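Below you will find one chain, with nothing else, as structure tokens; this is the form predicted on its own, and questions on how it binds or moves follow later.
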Amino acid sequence: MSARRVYVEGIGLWSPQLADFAALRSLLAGLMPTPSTGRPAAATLPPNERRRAPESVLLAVEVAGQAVAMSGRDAATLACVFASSHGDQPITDYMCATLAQAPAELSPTRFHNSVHNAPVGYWTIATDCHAPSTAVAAQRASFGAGLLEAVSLVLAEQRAVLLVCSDTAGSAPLLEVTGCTQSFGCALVLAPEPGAATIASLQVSLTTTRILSALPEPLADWRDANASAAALPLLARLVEGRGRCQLDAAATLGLQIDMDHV
């Protein structure tokens, strides 16, 4: 596709080191932000659901809530795209081990939470959202694939879209395969036109040339620790307010993003 422009209205971020986008801004300014404590708060969920939900759901809902709050949008009206490279790895490990050893003991609740679109289900129910929703997986290109899906939806339907990408740390044999050693999640609210809440404009174009965008030193190894941290080049440019980065959207497809402050 030729270059297309969308507008960022909200940003969410959570990792064990960074509680939100403001913490990333502080880190890149040379300050040491206060680490996150415990699990993601996910205040959008009702208390009972919050207690029962696995970390994969809490992480996705937390960053989604941050981005929507920053945008000032009504979550119930936002179409959403939820992306994850690996889904809930601890639950997948539990499911495989239980099915191999004692299948009759499989927990219905954990089975319910094992599906890839569980986070978007929790989010849409909690926010009473009846807008379109999509769950995307593309291994380490999941953030780029989710962004491509979200941008396409913004432009095709001329509506604001919430994009969420998150992965939790791996466990047991899966960790050897995924290499996902820490949790990371992020979210963006994208709109087709600039408005009062606009933070930056993104000009997005497809490319078949895959170039790994450099990261500032404090973030240099984060992409290796979590596939969803592939979003960091874009998040770092959002801190700067301008610049160019490139993200993988598939094995042979990339997204080139040129950003301007608005």
Partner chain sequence: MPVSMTPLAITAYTATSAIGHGLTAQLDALQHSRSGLRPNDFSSTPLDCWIGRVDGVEDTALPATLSAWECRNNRLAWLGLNQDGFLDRVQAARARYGATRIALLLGTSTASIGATEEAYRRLDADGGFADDMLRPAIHAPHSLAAFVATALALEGPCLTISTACSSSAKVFASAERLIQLGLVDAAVVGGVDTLCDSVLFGFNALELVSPEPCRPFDASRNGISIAEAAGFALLERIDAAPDALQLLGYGEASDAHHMSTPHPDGLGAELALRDTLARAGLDAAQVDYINLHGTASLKNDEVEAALVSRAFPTRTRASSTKGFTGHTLGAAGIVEAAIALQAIEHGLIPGNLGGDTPDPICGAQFAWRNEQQRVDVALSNSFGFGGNNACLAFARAGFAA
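Only a predicted model underlies this, so the values are computations on that prediction, with no experimental measurement involved. Positions refer to the first chain, counted from 1.
Here the subject shifts to the form predicted in complex with its partner chain, a form of this protein not shown in this document.
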I have S201, A227 and M259 flagged as a candidate spot, so tell me whether each of them has a non-hydrogen atom within 4.5 Å of its partner chain in the predicted bound form. no
Using 4.5 Å between non-hydrogen atoms, is A43 touching its partner chain in the predicted bound form? no
Contact with its partner chain in the predicted bound form for A135, defined as at least one heavy atom pair within 4.5 Å: yes or no? yes
My question is simply whether S183 lines the interface with its partner chain in the predicted bound form - judged by any non-hydrogen atom within 4.5 Å. no
According to a 4.5 angstroms non-hydrogen atom cut-off, is T208 in contact with its partner chain in the predicted bound form? yes
Out of 21-29, 250-258, 234-242, 6-14, where are the residues with a heavy atom within 4.5 Å of its partner chain in the predicted bound form? 250-258
Of M95, A191, A75, A169, the one that lies within 4.5 Å of its partner chain in the predicted bound form (heavy atoms): M95
For the stretch 172-192, which residues lie within 4.5 Å of its partner chain in the predicted bound form by non-hydrogen atom distance? P173, L174, E176, V177
